[in-house]
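Okay, here we've got a single chain as structure tokens, the form predicted on its own, with questions on binding and movement later.
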């Protein structure tokens, strides 16, 4: 167990907790003393040492990533950029828009013509949980469509639309004005929003992702990126807890 590591191995648990934003070292020590911290499923003790690259730190039932040297960027992807590391056709890629060191990958995909928020990270655990359907992370879009969706069309979007790969899960759909919908889904099928709108009779003219789980940023301009701050990372980790 982590608390049994020799004194010259690992890092002090409270130091790691402070680094990932769970509070100062003193606050972290108080959390440990109160029995609210577990390491690898075992209640932690004051003086515990951990290996951040392999040990699992849990506070009040929520697991936090303590991996060293991980970064997570929020990118506002412009239209015409592909969500791959390399493109045989020579089109610009999202990987080219963020720092090359450390190497990161996109969390899910936005198709060539879709704009908006995209996460880029080298944290494999976080990426898996953000994209796996069992965690149900919401993605919100502003959709400019042809025509004005009828009430029946909006109801179909909310209740589930039959696509060639099965019926979609219930979504949140609201008409914001003529030809403008706010659509929130928690699946990640290929071109799902476009196919859903087409299935109810409204082709997509422009599609912009505006929210990923708890993350929004109306000031981030197309083509720009930024690092997530500690509060945002903690909110993301809380959002992807099982159950």
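Values in this document were obtained by computation on a predicted structure and should not be read as measured data. Numbering follows the first chain given and starts at 1.
Same protein, other form: the form predicted together with uracil, not shown, and the subject of what follows.
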**Asked** Any chance all of 72, 232 and 235 sit within 4.5 Å of uracil in the model of the complex, going by non-hydrogen atoms?
**Response** no
**Message:** Quick check on this chain: which one of 194, 186, 38, 51 has a heavy atom within 4.5 Å of uracil in the model of the complex?
**Reply:** 194
**Request:** Just give me the single entry in 159, 111, 165, 138 that has a non-hydrogen atom within 4.5 angstroms of uracil in the model of the complex.
**Result:** 111
**Asked** Does residue 207 reach uracil in the model of the complex if we count a contact as any heavy atom within 4.5 Å?
**Response** yes
**Item:** Stretch in contact in the model of the complex with uracil, which is absent here, among 186 to 194, 170 to 178, 214 to 222, 30 to 38 (heavy atoms within 4.5 Å)
**Value:** 186 to 194
**Asked** Can you tell me which residues in 213 to 228 come within 4.5 angstroms of uracil in the model of the complex, by heavy atoms?
**Response** none
